[in-house]
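A single chain comes next, written as structure tokens; it is the form predicted alone.
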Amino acid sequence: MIAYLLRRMLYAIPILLGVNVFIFILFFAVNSPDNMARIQLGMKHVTPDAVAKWKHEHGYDRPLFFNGPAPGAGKFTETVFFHKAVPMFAFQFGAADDGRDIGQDIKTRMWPSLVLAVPVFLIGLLVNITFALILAFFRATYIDFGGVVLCVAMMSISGMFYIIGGQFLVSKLLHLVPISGYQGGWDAFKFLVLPVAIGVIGGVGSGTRWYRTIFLEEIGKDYVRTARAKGLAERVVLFRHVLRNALIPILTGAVVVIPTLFMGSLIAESFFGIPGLGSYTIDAIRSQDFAIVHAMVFLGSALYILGLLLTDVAYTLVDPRIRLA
């Protein structure tokens, strides 16, 4: 078990390095340091001296990957990639192109993202499993058919529709909650009710269909037929046997998402004015702030790899038949 986890963590290093290099190349393939300087300084009346000064102050005056004139190891260390990308492996994100401390921004903005994402995740998990169990219980009936049709219809509707429609109906017409904004403490509740509800509703279609598929697969297995042959009621078979065994794929699928929760929701945070990491990333993309975009992509990759690692651990805990060498 320990040896397996160590191998997986070692595998993460080349993956993160590849993500770093790919994002670095992709960004500079469409945007040069000169353009970055002009965007930050303003496109009008920017002199070459001002551009050169900005690049020097922000560390973009070095070569990207290889510094030929530098002596020794400086050929590789005196580069933009080494100074901007390598420190991220120690989670040192440096400063944004406008001078802000990225690490401090992440620490501040992660909490609004968490208070939005965690309720959506937990409530959505409970709602989806409940609806999926109901459809599985009434399988091959009009209730099951109607539920599947409704799920497909909900999956076909864009998430933007739920957001805009919810804001129009609940906030603009009924005036029940603010249309956007955020406050700390208990006052955050009135700002989060609507985005949490929309997040849950928007995921019901896909979530219910996925869990329904899992339950129907379990229902067809031999242990379920054995339980029915013993005279157990269908309700008991479904909730005591099927649900318990279906928790294995459900748990493994849920665990992988947990580390990525604090990354926030890009669309929801932007539309509802929540100062989380999702809106932080969107703002960085709009302003073409390479340092922030690079940091958030790297952090998201690291958290996703952590989620995969936790999934493997969770799988062995819930299924004692599995042993990792």
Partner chain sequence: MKLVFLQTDILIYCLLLVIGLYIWRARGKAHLAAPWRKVARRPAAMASAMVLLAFVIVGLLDSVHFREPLSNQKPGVTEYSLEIVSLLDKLLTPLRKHNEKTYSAPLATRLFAMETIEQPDGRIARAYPRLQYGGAELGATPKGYARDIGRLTLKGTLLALLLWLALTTALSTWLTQHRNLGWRALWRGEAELPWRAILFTLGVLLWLVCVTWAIAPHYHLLGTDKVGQDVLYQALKSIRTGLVIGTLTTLVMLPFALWLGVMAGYFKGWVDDVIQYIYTTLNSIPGVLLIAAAVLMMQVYMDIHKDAYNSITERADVRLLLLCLILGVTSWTGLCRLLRGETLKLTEMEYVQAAQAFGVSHWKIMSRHILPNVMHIVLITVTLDFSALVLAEAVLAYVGVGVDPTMNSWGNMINSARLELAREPLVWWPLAAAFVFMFALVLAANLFADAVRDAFDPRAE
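In this text, the rigid core denotes the largest set of C-alpha atoms whose superposition between the two forms falls within 1.5 Å. Everything numeric in this text was worked out from a predicted model, so none of it was measured. Numbering follows the first chain given and starts at 1.
In what follows, reference is made to the form predicted in complex with its partner chain, a form of this protein that is not presented.
Within 4.5 Å of its partner chain in the predicted complex, a heavy atom is found for none of Tyr60, Pro87 and Pro259. This chain is displayed alone, yet in the predicted complex one of Ile164, Leu251, Leu126, Leu114 has a heavy atom within 4.5 Å of its partner chain; that residue is Ile164. Remark: Phe168 counts among the residues lining its partner chain in the predicted complex, judged by a heavy atom distance of 4.5 Å or less. Using a 4.5 angstroms limit between non-hydrogen atoms, Tyr11 touches its partner chain in the predicted complex. In the predicted complex, Leu308 approaches its partner chain with a heavy atom inside 4.5 Å. For Ile201, no non-hydrogen atom is located within 4.5 Å of its partner chain in the predicted complex, even though that partner is not displayed. In the predicted complex, Val152, Ala153, Met155, Ser156, Ile157, Ser158, Met160, Phe161, Ile164, Phe168, Lys172 are the residues of 152-184 with at least one heavy atom within 4.5 Å of its partner chain, listed from first to last. With the core held fixed, the Cα of Asn31 is displaced between this form and the one not shown by 2 Å or more.
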